[in-house]
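We begin with a single chain expressed as structure tokens, specifically the form predicted on its own.
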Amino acid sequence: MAPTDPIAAAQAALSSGDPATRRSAAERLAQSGTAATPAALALARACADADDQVREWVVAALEELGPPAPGVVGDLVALLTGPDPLPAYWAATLLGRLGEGASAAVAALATTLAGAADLAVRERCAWALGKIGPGAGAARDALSRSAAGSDERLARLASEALTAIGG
């Protein structure tokens, strides 16, 4: 039986084997604004879609969302370490939007901050750790190293995060 909720139906369609179906679903979710928040995890996963238009609609949808459900923290952490930087970037973004509710992700965010090849992903991890606040204290070393680094934006984000966590 197909989901009757339009958000759930669009979320399910993101897994279709047909690119046109995935594009349509991503577009519907983008046009749904914050109502698409229950699809946040599916959207973050869909950032790795092979179709450019799907990815564009998915990012448009993600840009409109608030914090995802706290129950998806573990799944978002898994996306941080994947081979594609776009899902990792959005996983870090969604974790940051959860604020203190993402404190279980601090170790993964710190590891990704220290070791991700993609600079935008590292920057987003620093930002997310700052949004978590004092609960991100375990990331002080990784943030301090980034704050002392040569990339100005990453150093600024890491410094701001250290201030936010009280370090």
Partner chain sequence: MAKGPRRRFAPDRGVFTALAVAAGLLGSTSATAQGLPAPPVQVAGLTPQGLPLAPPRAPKPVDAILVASFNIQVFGEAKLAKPAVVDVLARVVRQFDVVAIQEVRAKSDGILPSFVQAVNADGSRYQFVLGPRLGRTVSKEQYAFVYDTERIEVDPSSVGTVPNPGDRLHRAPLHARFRTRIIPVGMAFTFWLVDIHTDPDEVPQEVDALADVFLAMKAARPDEDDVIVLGDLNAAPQQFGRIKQIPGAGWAITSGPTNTHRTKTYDNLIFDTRATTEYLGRSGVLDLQRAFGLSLEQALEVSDHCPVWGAFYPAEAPPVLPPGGIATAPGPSPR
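Positions refer to the first chain, counted from 1. Just so you know, these numbers come straight off a predicted model, no measurement behind them.
This protein has a second form, the form predicted in complex with the partner chain, left out of what is shown; the following refers to that one.
By the criterion of a heavy atom within 4.5 Å, R122 is excluded from the residues contacting the partner chain in the model of the complex.
Interface membership of R145, defined by any non-hydrogen atom within 4.5 Å of the partner chain in the model of the complex, is ruled out. The partner chain in the model of the complex is approached by L157, whose closest heavy atom lies within 4.5 angstroms of it.
Though the partner is left out of this view, P70 does not reach within 4.5 Å of the partner chain in the model of the complex, counting heavy atoms only. Proximity to the partner chain in the model of the complex holds for none of D75, T81 and T112, with the criterion being a heavy atom within 4.5 Å.
Residue heavy atoms within 4.5 Å of the partner chain in the model of the complex occur in exactly one stretch of 38-46, 103-111, 137-145, 54-62, and that stretch is 54-62. If you take 26-49 and check each residue for a heavy atom within 4.5 Å of the partner chain in the model of the complex, you get E27, A30, Q31, S32, G33, in sequence order.
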